[in-house]
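The form predicted on its own is given below as one chain in structure tokens.
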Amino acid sequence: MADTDWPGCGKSLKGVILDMCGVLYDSGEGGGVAITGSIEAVQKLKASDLQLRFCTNETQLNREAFVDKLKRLGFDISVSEVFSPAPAAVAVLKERGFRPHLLVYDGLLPEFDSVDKTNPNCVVIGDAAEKFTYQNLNEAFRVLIGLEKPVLFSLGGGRYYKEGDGLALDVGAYMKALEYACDLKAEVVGKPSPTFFQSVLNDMGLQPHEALMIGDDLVNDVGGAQNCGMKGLQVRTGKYRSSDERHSTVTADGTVDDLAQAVDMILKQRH
């Protein structure tokens, strides 16, 4: 059942930004599984006059491998349409002269091939999954604590995400551990950073009020988009929990059962 109170902004929309994990598919063994109706929903958006981009905090695969995975699941997606934290982080590192110590999943390492990593002067962490061992976290801690001005970059700030067998800790939990141990504040590259959302809007050539974000993460997807001036719609798939609809600080502009329902409602408002 859709939340009938969500704003009738369909007619004024010019672009839609979709989160991926939990909206298009649920992750798990074999690359995950597409959420019912999501493949067709993407097709409908692409057939409309709306611009479409995909915004993810995925940091276990480089963009090319990630898009290949989504194509195997049946989605019509190209690399140029996908915005993820690693390429944005590489740009920041080069611009500011940082040499990172990387605590990321092996599949993401190729994204950083062009970056000097000798004698690190910062730490970059992503969703390293089983790489988040005590030894690896402690190594990152030692790099940071040994710097006169420690700098920690986190590829996203999520608390958890949904795997096929249940919820799993995301990079934000480990980011907080290093923040606490080193008495610093991490710089988040990815959702919910306003800079990250703005880069997607810039690519579409749109103002915030002309775009709608659809995600399963109330704080990072919906709240992040709202802080940037966009509307934010939450789906009841992925990491959604019923308590999200009673959250103390973030209220979605609307809540729908899934992406298929959201797209049908948006397109119906445009006719």
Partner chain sequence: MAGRRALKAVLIDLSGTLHIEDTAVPGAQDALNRLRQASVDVKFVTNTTKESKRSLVERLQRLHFHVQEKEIFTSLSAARSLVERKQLRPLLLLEDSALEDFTGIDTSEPNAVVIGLSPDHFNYQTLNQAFRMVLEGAPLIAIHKARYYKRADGLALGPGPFVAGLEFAADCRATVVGKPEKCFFTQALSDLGCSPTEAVMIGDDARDDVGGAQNAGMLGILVRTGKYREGDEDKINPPPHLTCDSFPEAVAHILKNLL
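This is a predicted model, so every value here is computed, not measured. Numbering follows the first chain given and starts at 1.
Although not depicted, the form predicted in complex with the partner chain is the subject of the following passage.
Chemist: Just one of 133, 78, 114, 198 has a heavy atom within 4.5 angstroms of the partner chain in the predicted bound form, so which one?
Modeler: The residue from 133, 78, 114, 198 that makes the contact is 133.
Chemist: Pick from 73, 88, 151, 129: which residue has any heavy atom within 4.5 angstroms of the partner chain in the predicted bound form?
Modeler: Residue within 4.5 Å of the partner: 129.
Chemist: Of 189-197, 114-122, 154-162, 92-100, which is the one stretch near the partner chain in the predicted bound form, taking non-hydrogen atoms within 4.5 angstroms as near?
Modeler: Checking each option against the 4.5 Å cut-off leaves 154-162.
Chemist: Among 17, 44 and 49, does every residue place a heavy atom within 4.5 Å of the partner chain in the predicted bound form?
Modeler: Not a single listed residue reaches the partner chain in the predicted bound form, so no.
Chemist: Does any heavy atom of residue 142 come within 4.5 Å of a heavy atom of the partner chain in the predicted bound form?
Modeler: Within the cut-off, so yes.
Chemist: I'd like to check something about residue 137: if you look in the predicted bound form, is any of its heavy atoms closer than or equal to 4.5 Å to a heavy atom of the partner chain?
Modeler: The answer is yes: residue 137 has a heavy atom within 4.5 Å of the partner chain.
Chemist: How about residue 209: is it within 4.5 Å of the partner chain in the predicted bound form, going by heavy atoms?
Modeler: No.
Chemist: At 4.5 Å between heavy atoms, is residue 241 in contact with the partner chain in the predicted bound form?
Modeler: Yes, residue 241 lies within 4.5 Å of the partner chain in the predicted bound form.
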